[in-house]
Structures are given as structure tokens and as C-alpha cells.
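Quick heads-up: it's one chain on its own, the form predicted on its own, in C-alpha cells.
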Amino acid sequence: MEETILNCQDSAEGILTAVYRAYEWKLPRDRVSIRTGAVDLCLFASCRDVETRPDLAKKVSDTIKRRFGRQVWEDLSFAMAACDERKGTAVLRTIDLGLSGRIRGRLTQGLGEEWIRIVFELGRRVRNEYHRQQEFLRFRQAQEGYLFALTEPKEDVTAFLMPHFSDRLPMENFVIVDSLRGIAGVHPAGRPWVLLRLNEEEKGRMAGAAGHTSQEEAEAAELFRCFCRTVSIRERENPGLQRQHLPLRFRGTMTEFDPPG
């Protein structure tokens, strides 16, 4: 039997819309895969593009929460944020297993099933990246007065970072920019946050914002760098251990590793 590839937007809404279409079109779930982005054509497979529909995605998410609980929904949400081409298919097969009634207990703990195990592994990977970004993300103050942070995460975690920092900075205007994916989380003071996809001009403007901070920010950053240098004991420096706790990939956007101004 021919396999069907559903090609959708690389987002939670895109994947959930593809899940809805798989059921609506009565496609055999064991012969369906969901891909995000470019798809390589192959023999004995047909490809169908799926347009993202937020209303259909919400129907799927509501069903997941009602049938399996909010914890399973959270597990699937983290898995859908992974940078991995298996995630869409893994989410579809996991939901199908849950609806079949074969899994006892919490759905995402049925690790004897391959696709549930993939969801678990992807979710754990994204959670680890999310927690690291919480630790290593640094805000700066732009000349216009708002706060901004540039980040380059391995996984698409901006949507998880925004609630965390909105709770801690509710009355601040701030922006978190994922430079790799061109996504920005924007939080107006005292109002709900939103996610935006940046065009090339906007990405360049945000990338250049690091060089146009306020005078107060420049002075505070220099004091912070001075503090970090002062507390370090040169005779006890251990670069290997430092890289283990703070990998090099995070340091390019961290204030304490900026070159002296």
C-alpha cells in the first residue's frame, strides 16, 4: 500500500493540523508520516501539503487534554518543538496509540512502544534546552528603553521561555529573539505576549541591536564583566569543567563574555 506524506508547517499548529487531516481523510495511520519543511520524493509514496489551520489544531489539542490530561499535552508540546524530522509522525502515532486503548496508565509512559519512546526522548531533549536557556539568557537594555535578549537555541523553545519571563518581568517591555529561526517573542508591559516571525530586515535590525544599547546598560555590563573577572581565581581555572557547565555555544550572547568595551 502506498505511503502518504503530509507536509506541514514546522510548528505545533502545523503538526496538529496534519494530525486532524490524517483522521479526516481516513488515512491508515501506519501508512502516514508527517514531515515539516522540504520533503524528498520517493517511490510508492504520495505527498500532500497541509495548510495550517489554528481552529483545527485547537480541536486536536482539546481532545488530547480531555482524553489524556494536561501532562501528556505538555509532553507532546515539548516533543513538537524539537529539531527532528521524526517529531510529526511520532506525535501522530502516539495519539493513535492512546485512542486505541492499548496503553495503560499515562500515555507518554508507555515506553515499550517505539513512537512513544521517541516522543519521550524528544521532549526530554527540548526540556533540557529550555532549562539551559533559562539559566544563560541575558537581557540588555536598548537605547529605546525596552529589554531584549538574543539567543540561538538548538530547539524551538521561545514559546516556553516567554511565559517564564513574562511572570518575572510583567511590567517590562521585552523581546526574546531566536536568531537561528527568525522568531521573536514580544511582551508589551502589562499585556499578553505574542510570537512573531521576523523578515530579513527585522532579523538584521534585532541582530544589530546588541551594538546600540543605552549608556546605563553599557556601564552595568562593564561592572558585571569586572565582577566576573574579579571573583575568578586564576590558579584554580579549569576550562574543561567550565565548558561542561557552560558550553561554548551559549557564550556568544552572554554579557560576561562580551569583549571589553
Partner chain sequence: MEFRIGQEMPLIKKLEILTDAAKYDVSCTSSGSRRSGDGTGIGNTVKAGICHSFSADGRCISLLKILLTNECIYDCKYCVNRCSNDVARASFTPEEVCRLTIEFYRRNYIEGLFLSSGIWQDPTFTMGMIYRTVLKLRKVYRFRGYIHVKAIPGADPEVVRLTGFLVDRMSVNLELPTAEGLSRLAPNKHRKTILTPMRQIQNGIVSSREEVALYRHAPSFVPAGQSTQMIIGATPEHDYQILSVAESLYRKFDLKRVFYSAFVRVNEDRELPALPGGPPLLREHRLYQADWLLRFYGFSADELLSEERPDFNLLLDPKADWAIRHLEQFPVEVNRASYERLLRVPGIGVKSARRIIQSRRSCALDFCHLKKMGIVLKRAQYFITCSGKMLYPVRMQEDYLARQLIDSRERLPFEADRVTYRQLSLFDDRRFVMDRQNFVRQAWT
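Numbering follows the first chain given and starts at 1. The structure presented is a predicted model; accordingly, all values stated were derived computationally and were not measured.
Missing here is the form predicted together with the partner chain; even so, the following discussion is about that form.
**Student:** For the three residues Phe120, Ser232 and Met254, which mark the spot I'm curious about, does each lie within 4.5 Å of the partner chain in the predicted bound form through at least one heavy atom?
**Tutor:** Verified in the predicted bound form; spot residues all in contact, yes.
**Student:** Evaluate Gln134 for contact with the partner chain in the predicted bound form, applying a 4.5 angstroms cut-off between non-hydrogen atoms, and reply yes or no.
**Tutor:** Flag for Gln134 set to yes.
**Student:** Does the 4.5 Å heavy atom contact test between Leu195 and the partner chain in the predicted bound form come out positive?
**Tutor:** No, Leu195 sits far enough from the partner chain in the predicted bound form that none of its heavy atoms falls within 4.5 Å.
**Student:** Does Leu180 reach the partner chain in the predicted bound form, with heavy atoms at most 4.5 Å apart?
**Tutor:** The answer is no: Leu180 has no heavy atom within 4.5 Å of the partner chain.
**Student:** Might Ser77 be said to contact the partner chain in the predicted bound form, defining contact as any heavy atom within 4.5 Å?
**Tutor:** It does not: once the partner chain is placed as it appears in the predicted bound form, Ser77 has no heavy atom within 4.5 Å of it.
**Student:** Which one, 79-87, 137-145, 92-100, 150-158, holds residues whose non-hydrogen atoms are within 4.5 Å of the partner chain in the predicted bound form?
**Tutor:** Among the listed stretches, the partner-contacting one is 137-145.
**Student:** Taking the partner chain in the predicted bound form as the reference, which of Met206, Leu56, Leu27, Ala221 has a non-hydrogen atom within 4.5 Å?
**Tutor:** For this set of options, the contacting one is Ala221.
**Student:** Who in 152-182 is close to the partner chain in the predicted bound form, meaning a heavy atom within 4.5 Å?
**Tutor:** Result: His164, Phe165, Asp167, Arg168, Leu169, Pro170, Met171, Glu172.
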